[in-house]
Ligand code: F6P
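Single chain ahead, written as structure tokens, the form predicted on its own.
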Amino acid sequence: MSKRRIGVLTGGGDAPGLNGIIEAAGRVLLRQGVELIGIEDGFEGVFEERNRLLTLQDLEGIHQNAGTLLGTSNRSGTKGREKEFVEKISKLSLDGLLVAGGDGTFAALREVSSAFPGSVRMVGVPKTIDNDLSGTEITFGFDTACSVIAESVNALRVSAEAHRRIMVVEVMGRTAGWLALGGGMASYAEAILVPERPFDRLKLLEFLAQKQKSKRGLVIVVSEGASALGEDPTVAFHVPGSPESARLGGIGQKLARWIESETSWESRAVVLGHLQRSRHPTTTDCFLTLSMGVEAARMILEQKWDHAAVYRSGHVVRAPITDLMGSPKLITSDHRWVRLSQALGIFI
């Protein structure tokens, strides 16, 4: 019987914990005699035929590192290149793929499977720091990114109070506000602005006027996709050829300048940007990636293809990979985190 051969691919933006998935799944598979082929830089590595054999020596200890051993990319999709993708994958003689990715990665693979049914057998692990993937209650990397936000807000509050300033902290999240809400709550930010709840400019000014009577400084956490009522999100730039060309950003600076002009309260903006992706994973994310990686490897060994390791009701369980391809998971108006924030007097 020939040795089983599995490809490992990480796609989309990097997230703390990707290396944990690679190590956990890889160690299980290698112990069972499976040959691992690491595909570099996501879909780009498929099209450009960049891959390498992975050994236990390559994997041991990488779980503690941010980034991904294999590299990743969100600049290349499969649309219009489905046939080429299948041809390139076929040349690797794989029994299947282990894919850690977000909605863009799985949507692109769905296009390949739709065009060429049965051409790609895979097991998935949902990945995004934004925590907006459907089908799972939490994604790895989210806890680490929230920790970066909370620590930054707590540090910036010291400067805000020293200079009698408002610090506006812009965070990632695209169209979902989970990072702003999670990091803002954990740091007791005075205001949290998220895309799902467009803010009322007049009410925000009234809130700030009241705070100015009793506080030297405060911190506002704003998601990059947030906007005022009746306004569009701020687009920083476009990436031609990318599956999602519009890159949101710039709301923090615009908000700080507007607040200063309307309130005479000195304001400064800080964009955390890729710092949210770059920290080594928290213990919580290490636990999560270990569990997801082991479960993904077990599915591969059992040939439970087209399923994913997801987190539901406190456990890592199996679910159809199509569960990850629904609409983005957004913050509802009655979400418990929203109610908790409101109970604390946070403007949201």
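This one's a predicted model, so the numbers in the text were calculated from it and none came from an experiment. Each residue number is its position in the shown sequence, starting from 1.
Keep in mind that the form predicted in complex with 6-O-phosphono-beta-D-fructofuranose is missing from the display, and what follows is about it.
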Exercise. Does any heavy atom of R277 come within 4.5 Å of a heavy atom of 6-O-phosphono-beta-D-fructofuranose in the predicted complex?
Worked result: yes
For this session: Classify R165 as contacting or not contacting 6-O-phosphono-beta-D-fructofuranose in the predicted complex by the rule of any non-hydrogen atom within 4.5 angstroms, answering yes or no.
Result: no
Exercise. Within a 4.5 Å heavy atom cut-off, is A145 in contact with 6-O-phosphono-beta-D-fructofuranose in the predicted complex?
Worked result: no
For this session: State yes or no: in the predicted complex, is some non-hydrogen atom of E190 no more than 4.5 angstroms from a non-hydrogen atom of 6-O-phosphono-beta-D-fructofuranose?
Result: no
Problem set entry | Contact residue in the predicted complex, chosen from K203, K79, R257, R247 - any heavy atom within 4.5 Å of 6-O-phosphono-beta-D-fructofuranose | R247
Seminar exercise, completed: With the partner omitted here, the residue among R121, R157, R174, K88 that in the predicted complex has a heavy atom within 4.5 Å of 6-O-phosphono-beta-D-fructofuranose is R174
Exercise. Of 165-173, 194-202, 181-189, 111-119, which is the one stretch near 6-O-phosphono-beta-D-fructofuranose in the predicted complex, taking non-hydrogen atoms within 4.5 angstroms as near?
Worked result: 165-173
Problem set entry | Heavy atom within 4.5 Å of 6-O-phosphono-beta-D-fructofuranose in the predicted complex - qualifying residues of 107-135 | T128, I129, D130
